[in-house]
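One chain comes next, on its own, written out as structure tokens in the form predicted alone.
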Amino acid sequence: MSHLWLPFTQMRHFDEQARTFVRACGTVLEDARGRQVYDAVSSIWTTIHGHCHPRIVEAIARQAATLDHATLLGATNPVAEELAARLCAMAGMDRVFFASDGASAVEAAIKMALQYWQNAGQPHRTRFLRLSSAYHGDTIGAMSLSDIALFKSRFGSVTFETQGYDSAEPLGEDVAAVIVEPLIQAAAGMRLVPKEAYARLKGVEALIVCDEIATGFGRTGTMFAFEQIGVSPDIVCVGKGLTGGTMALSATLVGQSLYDVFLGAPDEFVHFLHGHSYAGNPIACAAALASLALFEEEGTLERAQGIARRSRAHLESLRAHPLVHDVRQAGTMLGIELRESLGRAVANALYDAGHFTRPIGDVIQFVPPLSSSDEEVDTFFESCLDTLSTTKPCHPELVACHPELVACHPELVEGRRTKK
């Protein structure tokens, strides 16, 4: 019996025999049964250059034998310094605060914004605004900035209130920051955000936070998605693909004017009162530096743009399918929204056909490693069409009355098998 508790997973119906990954190489995962599947979701948007890339593996091993870890609390290390400089140059920012996962980067941004206004003599600025359907993580602060009821409604007693900024009302003089996902809201089912929605951010006095945890590092065709929306952020949060998908590392990037407000004498206590034990871990930073070097060495952005074009060519045939409600794309981030509560059944059938993805409700994700070949992209979409052509809708009265049964018992969907 497994002692592991998986995130976002109904453990009563999880079969570890069917979904235990034991090794990986390039774009392929191999499970305990020896089945190899294309990682069509980049292990939840993290894998950039493919699994176990030798350049990143070598960088990790070399750093682990030199300096495995040293705290950033009142000390520094050369690898964190080098990575901070590299990120600032890429993003047009000036300072980097390291953490581990993306939600931790968002938590840091929240506390930075609050303490910034306190240090600047405007402590009344305590309110946060976000987009409708926002998602910024599952820790308390990040969850408070989110707007998907399924992920936060049970935890209202510990979250703070936030409002949607994409309304006609003025921002108000009590707003500390506005946080946005640029171009696409991945956790909302690859929901596209019109560029015009960001126009109101120009000239606001509140701090602007861009959450690039899902969209950063080439996912939308540019290194960062905020480059495409005409906004100059005060704070940028990155994570997921920062290390190429190999190790947990995130960062909160800020401009010099924000950083300067935290400078003073030690006993003034205006310095940033926040930190993490493994912030700036040298091994993770070494992995990140190797990943960033690969962008130039392997032309990763150009490859991402090629994947986006290749994917776009398949969308019209999918859009025309009677079981498809909508298709959405921002670079290499695609969502195929299905009708008839078929998301879980189709994802399971795609696994049988050799493609690992995970549905967001009834949205099938395609967020491939940026090292994917044309053949892998083509085969994924061909398998999607094959799967949909052999899939029958759920019993409509069952879906209407008991949607939770379909979610937990995909065998209630008829005709789930795909062509081999």
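If you're wondering where the values come from, they're calculated on a predicted model, not measured in any experiment. In this text, residue numbers run from 1 along the sequence as written.
Not pictured, yet referred to below: the form predicted in complex with a small molecule.
*Asks:* Give me the residue from Gly280, Gly244, Gly335, Gly102 that has a heavy atom within 4.5 Å of the small molecule in the predicted bound form.
*Replies:* Spelling it out, the residue with a heavy atom inside the cut-off is Gly102.
*Asks:* Heavy atom within 4.5 Å of the small molecule in the predicted bound form: which of Gly343, Gly331, Gly137, Pro233 fits that? Just give me the one.
*Replies:* Only one option qualifies, and that one is Gly137.
*Asks:* Against the small molecule in the predicted bound form, would Lys240 count as a contact residue? Criterion: heavy atoms within 4.5 Å.
*Replies:* It does: once the small molecule is placed as it appears in the predicted bound form, Lys240 has a heavy atom within 4.5 Å of it.
*Asks:* In the predicted bound form, does Glu107 have a heavy atom within 4.5 Å of the small molecule?
*Replies:* Output for Glu107 is no: heavy atoms all beyond 4.5 Å of the small molecule.
*Asks:* So in the predicted bound form, is the small molecule close enough to Leu131 to count as touching (4.5 Å, heavy atoms)?
*Replies:* No, Leu131 stays farther than 4.5 Å from the small molecule in the predicted bound form.
*Asks:* Does the 4.5 Å heavy atom contact test between Val178 and the small molecule in the predicted bound form come out positive?
*Replies:* Although the small molecule is absent here, Val178 would stay clear of it in the predicted bound form, with no heavy atoms inside 4.5 Å.
*Asks:* Looking at heavy atoms inside 4.5 Å, which stretch does the small molecule contact in the predicted bound form, given the options 292 to 300, 193 to 201, 208 to 216, 346 to 354?
*Replies:* Heavy-atom contact with the partner occurs in 208 to 216.
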